[in-house]
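Shown here is one chain on its own, the form predicted on its own, set out as structure tokens.
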Amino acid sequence: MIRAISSFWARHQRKISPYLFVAPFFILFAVFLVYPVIYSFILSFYDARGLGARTFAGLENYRELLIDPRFRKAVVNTTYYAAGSVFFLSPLALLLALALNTAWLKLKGLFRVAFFIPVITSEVVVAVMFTLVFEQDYGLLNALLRSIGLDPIPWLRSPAWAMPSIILLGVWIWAGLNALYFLAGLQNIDQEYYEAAAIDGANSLQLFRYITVPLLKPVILFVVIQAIVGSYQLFTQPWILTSGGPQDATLTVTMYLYLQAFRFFNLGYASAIGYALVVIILTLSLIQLIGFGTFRREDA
């Protein structure tokens, strides 16, 4: 038997060796990604609580999502954050990129490095640091407001201000990185377009509207989709800063999934929440792709 195996290996070694080298990746990929994804999808159709018996429930978990007020609240909160990322954070990042792309600005390399610091810093560390920034009595922001004669704001204690606070934290973390994406796109635009338009009498606003924005469309699409996907995965910052409060004002979909799975051990319902989140992200991303004309055929 050993001799037969040795002979088989000698004849087929060159064909089998590449598959053996790549096998560890595919085995780990199947065990830690493919299997959990498939199993959680199956589990979403069961009433599964803790390690007890599973009872087939059909679409009951998905029907429960439609009438669950906390899930609807989590979706609204997460969408609020996503809107802030798309309509506030991304334009601000574009403005930063335009500033970095100006010829007169010095120390551009220093700014680029500084923009990476929030991204490479642990999210937990950033969230803990911002508890001091947003603290109502002695926080940095309210100290600044008092210094100019304004009343302090209950950043994390008020339902009206809690999510805007999380959005401000997101701006601090991600605006710099998105600005670098935009900057890379700006530097790839051929300057001859601007020179030709300037000769035709175009002003700065027209240059931005008719040259910069159209040629930046792929980068804008990338940043917007990335913002949407990241927003609907928001967990760490609101969990540490507010634990979803006050009054569920910062409860996100991923946080609600975590609570259902690891606090209430309602694994079937948590799996349904996860797949509902996948559908939401895919739908919004598809809308963005259609809106930007990604699937539109170019005229010959």
Partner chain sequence: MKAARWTLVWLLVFLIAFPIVATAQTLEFWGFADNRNKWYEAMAEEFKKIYPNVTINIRSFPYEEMHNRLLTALVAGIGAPDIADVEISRMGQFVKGGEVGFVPLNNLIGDEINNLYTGAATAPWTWQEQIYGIGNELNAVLMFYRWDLYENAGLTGPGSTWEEFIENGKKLASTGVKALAINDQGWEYWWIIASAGDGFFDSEGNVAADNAFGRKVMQLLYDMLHVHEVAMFAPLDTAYYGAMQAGDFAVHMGAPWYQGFMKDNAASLEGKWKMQPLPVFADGTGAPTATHGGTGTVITKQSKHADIAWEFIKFANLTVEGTLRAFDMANLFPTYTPAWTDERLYRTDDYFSGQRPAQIISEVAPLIPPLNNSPYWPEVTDAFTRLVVTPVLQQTTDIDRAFADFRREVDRIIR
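All figures in this text were calculated on a predicted structure; none of them were measured in a lab. Positions refer to the first chain, counted from 1.
Separately, the form predicted in complex with its partner chain exists; it is not shown, and the next lines address it.
- The listed set Leu51, Leu59, Leu66, Val31 contains one residue whose heavy atoms approach its partner chain in the predicted complex to within 4.5 Å, identified as Leu51.
- Exactly one listed residue, out of Leu132, Leu205, Leu110, Ala184, brings a non-hydrogen atom to within 4.5 Å of its partner chain in the predicted complex: Leu132.
- Taking non-hydrogen atoms only, Leu267 approaches its partner chain to within 4.5 angstroms in the predicted complex.
- When contacts are judged by a 4.5 Å heavy atom cut-off, Thr55 does not count as touching its partner chain in the predicted complex.
- Of the heavy atoms in Phe45, none are within 4.5 Å of its partner chain in the predicted complex.
- In the predicted complex, its partner chain sits within 4.5 Å of a heavy atom belonging to Trp239.
- The stretch that touches its partner chain in the predicted complex, counting heavy atoms within 4.5 Å, is 135-143, out of 83-91, 135-143, 176-184, 208-216.
- Contact annotation for 186-200: no residue has a non-hydrogen atom within 4.5 angstroms of its partner chain in the predicted complex.
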